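Presented as structure tokens, the chain that follows is alone, the form predicted on its own.
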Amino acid sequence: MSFQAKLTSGEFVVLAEMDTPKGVDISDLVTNVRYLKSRVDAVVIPDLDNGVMHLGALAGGAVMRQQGMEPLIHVCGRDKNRMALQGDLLAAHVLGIHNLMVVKAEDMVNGDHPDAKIVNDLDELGILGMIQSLTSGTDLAGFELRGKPQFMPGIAVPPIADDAQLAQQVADARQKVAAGAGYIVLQPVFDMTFYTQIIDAFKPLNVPVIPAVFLLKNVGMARYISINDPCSRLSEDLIRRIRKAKDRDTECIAIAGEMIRKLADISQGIKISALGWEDRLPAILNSAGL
């Protein structure tokens, strides 16, 4: 069953995120995706994530298709104007890529091309409107298309620090759902009480809510996230648990599995980010009972 069919039928979906390489050697990407066959419903491919130049999401999505996996690619307006975005989406359809996640891209200041010019011709609402226009058979200039593309667009919600930000993000998401977003993907949060509150706040929008789980690799990474990403709510207790573990790698996998099990009870899916440890994804899924 396809990702879209599972979403619309209310079944639980499993997503795994993978970055494309900075170059044209796709051997690691191909190897990693082979770990996931029959285990995940789609592979999320970011596009120039974190302002770092690498192989584009269209190519990454095409590689997923070649490997028999369903891709889900990021779409953002930071680097491309409306003409380029429309051309890319038509290309995506032709390549068999129908799942989209409309995102607000990160600032370029921390990327590897800080002098690159920002475009932002269309914001997230504008991109969702563009997708609706294309699927209805016309481009943004009003010209008729030869053949209508088909897409399943969703949105990614930025990190949420407190109740005020949560209310604002729910209001923003409500507009995006009205503009055609068919699902919502959240950012990782390590405090399950607050994460439950976030998920419950988005449920009244009546589209699937998919929380994310980030695989911690070591104490250093956990400490860095706790300091630099307060929205993650990563606690000292969790850092201490990793530090005291006899096998820290196994403990990190167990923590991810526990989070997935808890989130599976209150959501319609999960997105797992392993950040280069994609070979551990089967162990995480096993730990989570998926």
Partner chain sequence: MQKNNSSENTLSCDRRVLVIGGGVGGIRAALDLAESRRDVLLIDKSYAIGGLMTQLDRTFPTNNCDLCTVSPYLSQGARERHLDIKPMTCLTRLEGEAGAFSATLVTEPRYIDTEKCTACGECAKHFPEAVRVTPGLDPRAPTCMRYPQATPFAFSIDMDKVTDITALKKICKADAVLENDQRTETVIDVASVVLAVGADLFDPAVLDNYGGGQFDNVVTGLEYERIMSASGPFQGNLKRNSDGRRPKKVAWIQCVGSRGINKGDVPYCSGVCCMYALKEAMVTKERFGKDIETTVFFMDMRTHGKDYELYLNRARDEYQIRMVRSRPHSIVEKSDTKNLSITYALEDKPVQETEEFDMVVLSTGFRVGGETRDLAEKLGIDLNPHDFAATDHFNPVLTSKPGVYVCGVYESPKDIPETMVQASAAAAMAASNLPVVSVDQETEDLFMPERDITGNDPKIGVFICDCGFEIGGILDVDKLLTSVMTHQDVAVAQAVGYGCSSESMAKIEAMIVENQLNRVVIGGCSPRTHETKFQDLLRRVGLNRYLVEIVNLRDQNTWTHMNEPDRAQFKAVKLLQAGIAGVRKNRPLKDHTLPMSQNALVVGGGVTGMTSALKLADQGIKTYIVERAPALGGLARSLRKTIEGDHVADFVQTLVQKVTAHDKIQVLTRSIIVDHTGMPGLFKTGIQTGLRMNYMQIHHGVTVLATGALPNRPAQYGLGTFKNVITQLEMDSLLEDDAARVRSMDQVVMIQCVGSREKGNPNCSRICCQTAVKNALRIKKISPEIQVFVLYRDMRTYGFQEDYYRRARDLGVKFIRFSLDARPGVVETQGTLSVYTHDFILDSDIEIAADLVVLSTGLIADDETTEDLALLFHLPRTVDHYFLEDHVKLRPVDMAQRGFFLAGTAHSPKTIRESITQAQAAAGRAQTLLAKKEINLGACVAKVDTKKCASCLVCVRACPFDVPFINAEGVSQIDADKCHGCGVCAGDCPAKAIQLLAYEDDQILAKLDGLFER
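Numbering follows the first chain given and starts at 1. These figures come from a predicted structure and were not determined experimentally.
There is another form of the same protein, the form predicted together with its partner chain; it is not shown, and what comes next is about it.
Peer 1: In the predicted complex, which of the stretches 256-264, 56-64, 29-37, 235-243 has residues with heavy atoms within 4.5 Å of its partner chain?
Peer 2: It is the stretch 235-243.
Peer 1: Heavy atom within 4.5 Å of its partner chain in the predicted complex: which of 218, 175, 132, 168?
Peer 2: Looking at 218, 175, 132, 168 one by one, just 218 meets the 4.5 Å heavy-atom criterion.
Peer 1: Taking heavy atoms and a 4.5 Å cut-off, does residue 250 contact its partner chain in the predicted complex?
Peer 2: The answer is no: residue 250 has no heavy atom within 4.5 Å of its partner chain.
Peer 1: Quick one: is residue 147 in contact with its partner chain in the predicted complex, heavy atoms, 4.5 Å cut-off?
Peer 2: Residue-level check for residue 147: no, no contact with its partner chain.
Peer 1: Any of the heavy atoms of residue 229 lying within 4.5 Å of its partner chain in the predicted complex?
Peer 2: Taking the distances in the predicted complex, the answer for residue 229 is yes, it comes within 4.5 Å of its partner chain.
Peer 1: With a 4.5 Å heavy atom cut-off, would you call residue 277 a contact of its partner chain in the predicted complex?
Peer 2: Answer yes; at least one heavy atom of residue 277 falls within 4.5 Å of its partner chain in the predicted complex.
Peer 1: For 166-199: residues with a non-hydrogen atom within 4.5 angstroms of its partner chain in the predicted complex?
Peer 2: The stretch touches the partner through 187 alone.
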